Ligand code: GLU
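The chain below stands alone, shown as structure tokens; this is the form predicted alone.
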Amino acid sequence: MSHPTLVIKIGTSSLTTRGNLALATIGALVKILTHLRCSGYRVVLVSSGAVGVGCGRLNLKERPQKMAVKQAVAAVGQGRLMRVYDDLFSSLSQPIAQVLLTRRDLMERSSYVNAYNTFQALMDLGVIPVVNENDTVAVEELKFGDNDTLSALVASLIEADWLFLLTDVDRLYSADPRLVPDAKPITFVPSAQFDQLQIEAGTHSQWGVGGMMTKLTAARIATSTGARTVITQGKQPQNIEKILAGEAIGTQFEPQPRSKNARKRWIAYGLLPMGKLYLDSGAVAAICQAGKSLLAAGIREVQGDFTAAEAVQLCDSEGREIARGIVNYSSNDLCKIKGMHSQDIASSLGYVGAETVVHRDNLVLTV
């Protein structure tokens, strides 16, 4: 039996201290990841810190707000960050590879498959990929937004067994323990209780962009694709091995069974929805309970501006997302044919289109 695949994400707050790299923490992390790799685990590191390190290098006192400045600072910091990682991993004879991703890389099916193959080839060669968002070229509307989301999408992409989110708190609490002294620790979240989990996001540090809410979003993505997710203290990377050995450290989120259909995982998490379709109760039942395709007759409202073959969210009448899918019609055409029976569509549009708006093969339930 092969060892599991691990994705470890470390945040800026754990990597830096007042804009300077926390070398003791990074050194300990490098040692642990190298040991895990030598023990047979397949390891991917998702590392924040490029903007924070760039700010330190350029003597900037706060994180830049303008996109162009932030991208320039990230370009300065990314080189420095990789230099440090390469020096430390090289001292342990562990090869690494820089992998910079944008949201667009996961949105095109061919790029998605190519990224999967590249990760597998690197891990087969015994390399530890070090992943970050390609901040220098990413455009605002196609950004991952934070590396918690990026790490969850990487975990989904490479079919990881574990996702570790290393952060500045030791686990999840019912409220921010720095503000609420009697906040209760949460050590385990069963998949059935995820939706009921009430949590205060709390504040986030000046240097990081994530908060606890982004970690919950990441946990939702990763667990729904079969990866057990852990939130734990970034300053103590040795906890990773203890958790793998069975110790109850941090907060663990129970994974759901992994879908065998990689294409459906891509539809659910690789694509970026460009609009919403609001459905009547009959269409919701047909999709959720009977596994049917979506027909025009079941659509009550169309929201967004999208073309055919783009992804949309399918929502019930109250706006709750029930599924995602790839549409066969543009938003303009759907506005014309919503609520119509299939036999009336051709005369309304002036051409013979697909029988379904979203075919069930291109549809993934998200409830």
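Heads up: residue numbers just count along the shown sequence, starting at 1. The structure displayed is predicted, hence computed values, not measured ones.
Here the subject shifts to the form predicted together with glutamic acid (GLU), a form of this protein not shown in this document.
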Inset, instruction - Classify Asp161 as contacting or not contacting glutamic acid (GLU) in the model of the complex by the rule of any non-hydrogen atom within 4.5 angstroms, answering yes or no. - result: no
Inset, instruction - Give a yes or no for Gly49: in the model of the complex, does one of its heavy atoms lie within 4.5 Å of a heavy atom belonging to glutamic acid (GLU)? - result: yes
Inset, instruction - Spell out, yes or no, whether the shortest heavy atom distance between Thr12 and glutamic acid (GLU) in the model of the complex is within 4.5 Å. - result: yes
Inset, instruction - Give a yes/no on whether Asp146 approaches glutamic acid (GLU) to within 4.5 Å in the model of the complex, heavy atoms considered. - result: yes
Legend entry - Per-stretch contact check against glutamic acid (GLU) in the model of the complex, the hit in 266-274, 153-161, 125-133, 86-94 (non-hydrogen atom, 4.5 angstroms): 125-133
